[in-house]
Ligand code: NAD
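In the block that follows, a single chain appears as structure tokens, in the form predicted alone.
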Amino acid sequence: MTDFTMSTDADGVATIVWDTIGKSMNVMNQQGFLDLDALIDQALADDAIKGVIITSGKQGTFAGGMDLNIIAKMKESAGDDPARGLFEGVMNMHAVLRKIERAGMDPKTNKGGKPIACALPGTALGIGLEIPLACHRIFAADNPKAKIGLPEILVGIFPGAGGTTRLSRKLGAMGASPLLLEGKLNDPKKAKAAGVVDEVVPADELLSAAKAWVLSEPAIVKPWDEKGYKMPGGAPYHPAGFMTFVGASAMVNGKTQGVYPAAKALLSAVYEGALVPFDTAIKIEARWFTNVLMNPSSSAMIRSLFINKEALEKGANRPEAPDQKVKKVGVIGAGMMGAGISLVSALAGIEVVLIDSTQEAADKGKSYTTAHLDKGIARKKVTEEKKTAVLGLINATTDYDALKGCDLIVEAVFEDVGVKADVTAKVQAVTGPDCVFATNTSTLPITELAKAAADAEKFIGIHFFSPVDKMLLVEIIKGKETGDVAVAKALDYVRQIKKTPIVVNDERFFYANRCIIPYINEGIRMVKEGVEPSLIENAAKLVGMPLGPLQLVDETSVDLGVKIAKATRAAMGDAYPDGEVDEVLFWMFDQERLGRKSNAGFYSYDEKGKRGGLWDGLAAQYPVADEQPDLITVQHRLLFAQTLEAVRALEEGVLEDIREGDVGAILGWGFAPWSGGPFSWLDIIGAPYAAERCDQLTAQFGERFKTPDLLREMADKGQEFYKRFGATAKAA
């Protein structure tokens, strides 16, 4: 059995069909390249074959790219000299695609050769576009659902099988930059407008159009193989090209802050490759691709952002239970969270009952969906028919009787135990015994809230992040009596609304807030110490955090921080560790600087709410010290504050799987994505160094940096988290 097969028709046109065995979409592996290479050799050697069409056996798609499971393990399988092994492996891929591109032409005269077309029935990503780019003409079916592009940069690598070099030479550095540096995907018509594909034809004419072209005796020499080729927009030594690369370099460093190795490597490959002939350029690309694969960041990002994320979305930790697909969901509370939950549920085709205390409030919650769909219509991504259908699924009402028939309730009312208990009773007076009740809370203990439920086994926490429609993560929290059916229901629901779930056990702040609050607190604590606020904020961004801790407080609101601090102090009593933080936070509250929502916080804002610089009044109250800490110390304080809580969460059984710890950290609060998450970061720096650094931070700054017993044990044994715990880590 092979993923590639070839047949030749009476007119002498060979069609190579890619149909990966056992997969719904084509993905490339090592054997696939060998099979394709052999068929290309056969086609070029057969005088009866006039030309070739490469297409897909999967309806509506061409290919999803390389098998990232293989890429993640390429370094491990590259032998004793992994850099050399990787480079040679990449050059072998280049050789196959270059063979397609040259197609038997005389190397000196460019005469001869057989035309090779690629016919894309639909989506073509990664290597699924790099193969077509090596062909002489790309035909795409007029399939508006298809996505065509090179998304590798989003998972920590870049197009390393010639896509970087070919696309930049075909479109110019400026034209190629959105596709290469941002991973932008286009539908076929937009891909043609951008110059990525050559023709868009009706789906039923795809192969006939490609065949007609193959038989037309077309010119097949690529522009970069012709004498006198000039790069569109100018090469680096051309005045226009020079400015393009200066701008691109500034853009890359501005967006990545220098912590994402793939973007810099990609730009280097394009820049250096543009200075030399094509065959040298692809060697340069291969060297930079090898450089990225040798960097632990790439394998960590691939593992967390693709392999682990996909596994969790497919139910890696779902308990054994019958299908729990949600048919009708009741959302209690039509505020910002409830409105967002209603939106994503209706978009998934689920019938929604949206309840609030007044009809006006319920209608306002439904209007959030209306506004969202209207924006989609304005961008031509949503039709009026779709809007009507989605809105028709939402029943905004004050009548609890409308909840009859719901198989899931998501309560999103005010964060108060008494209020939630009252709502729980009202709901369960109407719903049946099989209905699962989920509370959307970020801080209140699920086990305590479940006391108001008729059946604690059917009670669970579902913590959405705000704004619901944009945030990818959903944190599912098991109370001490939550049963498997409730967990399965929550997981199946999260899959329906196209979010990524993590499942954690019930302890204070669960997992996400448990880790993010120390990050915020460490930033505020440094303000109190006299650390320059701009140093705190920029140190965070330079280590890969999307927001500095002070900006994050402004975004989430100072008064929320005050509320959490008061509740935590009441619960912990004398053991409460954050008095210094409270001094700053409560002072900001007293100054009525509540963050973005009040146009006044740690940052200044104009009358339109646009954020400016850090507020001058902060330094007046907490003067900046004459002696400032070094950048690494500030960064380590901010990173270890989060990471140590992740380790403690694993120790205490809050986390049951380190994959959920890493994926949840990146998607939930943006933990340095380049690192792959807190556990991946500890594996990158090594447990022995991490424990030693914690000892230093503890001596200098306090017990909050004390090395957890688990990390100490792993340091003593020289262990790594992913090697010790594997795919399904249990609490140590």
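The first residue of the shown sequence is 1; numbering continues from there. Predicted model, so just to flag it, every value in this text is computed and none were measured.
Another form, the form predicted together with the named molecule, is not on view; read the next lines as being about it.
Using a 4.5 Å heavy atom cutoff, I332, V413 and N440 all lie near the named molecule in the model of the complex. None of E522, E537, D356, E101 but one reaches within 4.5 angstroms of the named molecule in the model of the complex through a heavy atom, and that residue is D356. Taking a 4.5 Å heavy atom cutoff to the named molecule in the model of the complex, the contact residue among G661, P188, G338, G160 is G338. When the named molecule is considered in the model of the complex, F464 lines it closely, a heavy atom lying within 4.5 Å. Using a 4.5 angstroms limit between non-hydrogen atoms, W213 is distant from the named molecule in the model of the complex. Among heavy atoms of Y400, some come within 4.5 Å of the named molecule in the model of the complex.
Interface membership of M545, defined by any non-hydrogen atom within 4.5 Å of the named molecule in the model of the complex, is ruled out. Across the options 191 to 199, 69 to 77, 405 to 413, 627 to 635, residues that bring heavy atoms within 4.5 Å of the named molecule in the model of the complex belong to 405 to 413. Shown here without the named molecule, the chain has E415, V419, K420, V423 in 415 to 436 lying with a heavy atom within 4.5 Å of that partner in the model of the complex.
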